[in-house]
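In structure tokens, the next block holds one chain alone, the form predicted on its own.
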């Protein structure tokens, strides 16, 4: 489903964010990307949803090379992909329902489908009682759950999360990760960049460690479980 082949990313100022990265993520996997700040995790994540373009190599999603993707083709790519950010990126003047529904409205879904899908996904993330609330009326954890709902409402095959627990306390962070784990069990591929090593160490998922723009370790679920 996701393949990076000899991928390097060099920014215009000469900074080398990624160097010769090779990575394969199968359909239905849950993968943690870990490493220190500046390691290249966020750049790698941005390549996956075409916020950035690789300088060299191939970035393949379902055998489509994102490096060669035209700008007009990006919306179609992102319809099969949900993205969750650390800083929420919610629309402050729209309610919880409207924030989530907007993701369907922009791709032309009819009103009945928008309503049904939005209410279903808000129930999934535990926010049925908050449909008419505005972001400022929610806790940080609730705001992030809205983001998860917005990312899921299109029923994407891939869910990408860039430090989704970075602004949350430990208990709330666990709630978000448990939710992502539940979503993964439904068959959605999850790729999550995080600094929350205490969560990673207890989740028994595949862990890919990035440092200095390179993948220096890639532990499968079984290896994590056995402490190899």
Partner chain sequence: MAFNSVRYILVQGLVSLKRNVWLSLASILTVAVSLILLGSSIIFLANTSTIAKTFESQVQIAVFLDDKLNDGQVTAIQNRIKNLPGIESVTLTTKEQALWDFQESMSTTSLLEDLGGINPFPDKITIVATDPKLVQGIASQVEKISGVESVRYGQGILEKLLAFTNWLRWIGVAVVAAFAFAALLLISLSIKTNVNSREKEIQIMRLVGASNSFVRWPFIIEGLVVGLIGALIAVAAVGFAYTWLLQYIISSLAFIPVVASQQFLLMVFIIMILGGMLMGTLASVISVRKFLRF
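Numbering follows the first chain given and starts at 1. What you see is a predicted model, and the numbers here were worked out from it, not measured in a lab.
From this point on, the text means the form predicted together with its partner chain, which you will not see here.
Contact with its partner chain in the model of the complex, defined as a heavy atom within 4.5 Å, is made by none of 123, 145 and 189.
For the chain shown alone, residue 97 is not a contact residue for its partner chain in the model of the complex, no non-hydrogen atom being within 4.5 angstroms.
When its partner chain is considered in the model of the complex, residue 75 lines it closely, a heavy atom lying within 4.5 Å.
Among residues of the shown chain, residue 106 is one whose heavy atoms approach its partner chain to within 4.5 Å in the model of the complex. Under a 4.5 angstroms non-hydrogen atom cutoff, its partner chain in the model of the complex has residue 85 among its neighbouring residues. Per the 4.5 Å heavy atom criterion, its partner chain in the model of the complex is contacted by stretch 45 to 53, the sole one of 173 to 181, 30 to 38, 45 to 53, 191 to 199. 110 is the sole member of 128, 139, 110, 132 with a non-hydrogen atom lying within 4.5 angstroms of its partner chain in the model of the complex.
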